[in-house]
Ligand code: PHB
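There is one chain below, alone, in structure tokens, taken in the form predicted on its own.
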Amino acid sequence: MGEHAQIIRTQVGIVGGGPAGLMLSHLLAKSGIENIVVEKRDHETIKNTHRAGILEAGSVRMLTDSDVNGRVLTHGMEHEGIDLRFNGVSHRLNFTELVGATVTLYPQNEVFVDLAAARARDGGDVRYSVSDTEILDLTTDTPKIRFTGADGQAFEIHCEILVGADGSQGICKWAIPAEHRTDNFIEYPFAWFGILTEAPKSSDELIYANSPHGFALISQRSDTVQRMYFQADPDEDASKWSEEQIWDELQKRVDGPDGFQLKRGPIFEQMILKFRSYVCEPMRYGNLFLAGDAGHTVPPTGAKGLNLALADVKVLFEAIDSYYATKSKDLLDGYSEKALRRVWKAQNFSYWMTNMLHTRKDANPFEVKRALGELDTVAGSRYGQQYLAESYTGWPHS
């Protein structure tokens, strides 16, 4: 393909047009740094891939302070806390009171829509529906991205910095030679059975429930559509469950002496969500820099995935901006180490939340009661509540 490819030159080439890639592109453009984004999916596919989203206050500020638009403020739902529910009793953690912060419920695909609109508004070069993407010459001063455009034309981007923001299934991290890359990975014996339902809210804020029947998460999407999950076997077939079975299972996991009842409605989506933890070290090789799910994935229990991606972008943008302003590579050289510090904090928090709230099928009575003791310690101590609240609402960016 390289022989007949049309060559395009730019400062930063970005593989991946999800929230991480588009946010970086947006920030770079605002700073006068030329960039091109290539994305294998089309705009409508990403827009309609419904994924939950809890945004930390720092993530909300990135969207609003950088003039993406204000939809996160008008359409997002600001939450001041969560409920930890165990032994059938709810314990509310008030984040505002504990750590002076909130989170905002705003789906990931809506973040994409906002960022894509901002790039279109500002004349950004974002190429959707590309194929045959390759990256090469990563340790030279001119790393390259080869791809076929939606019209069948072959292109080769010659850039100075190449960013892999192409998600957990992308090509970029695998372009780092195995001898230069450490793949840190664990798979959890848990999955989530997730549903979307046309129903009123069962709760104004998220409920994280530990029960003898397994974990459940009662979440929201809007005033009329709700998202809920319960712990299931990773090999479970979601299509075999009736609506009545699903509702009964969810209700079992939140039952308690207070008589709490879920508000039921028609279920229009049901799926199994497997989860794992992965970290690629380092997140930089030559002039290739990884950001977001391309470099790490977390289980959804701690609501860290999208927030980690945006935090990576903040650190990487500041490093690239510094390089073009001063020609110093100091921040670029420090990017991986700085980003990974936050990544490992988030991995720890996500691992802790997951194991505290879920019950393994082979857990013995000691392990089950120990976890309840841990929940009681967290819920019964202001310091325990503050640790969870600080981790959940997010550490300062950069």
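Numbers follow the displayed sequence, beginning with 1. Values in this document were obtained by computation on a predicted structure and should not be read as measured data.
Keep in mind that the form predicted in complex with this ligand is not shown, yet the notes after this line are about it.
- The partner is absent here; in the predicted bound form, the one residue of Gly194, Pro300, Gly124, Pro143 having a heavy atom within 4.5 Å of this ligand is Pro300.
- Here is the short version: of Arg119, Arg264, Lys314, Arg227, the single residue with a heavy atom within 4.5 Å of this ligand in the predicted bound form is Arg227.
- At a distance of at most 4.5 angstroms from this ligand in the predicted bound form, all three residues Leu105, Tyr208 and Leu217 contribute at least one non-hydrogen atom.
- Figure note: of the listed segments 361-369, 24-32, 337-345, 53-61, the one touching this ligand in the predicted bound form, with heavy atoms no more than 4.5 Å away, is 53-61.
- Mapping the unseen interface onto this chain, Lys173 falls outside it, with no heavy atom inside 4.5 Å of this ligand in the predicted bound form.
- Of the residues in 337-372, none comes within 4.5 Å of this ligand in the predicted bound form through any heavy atom.
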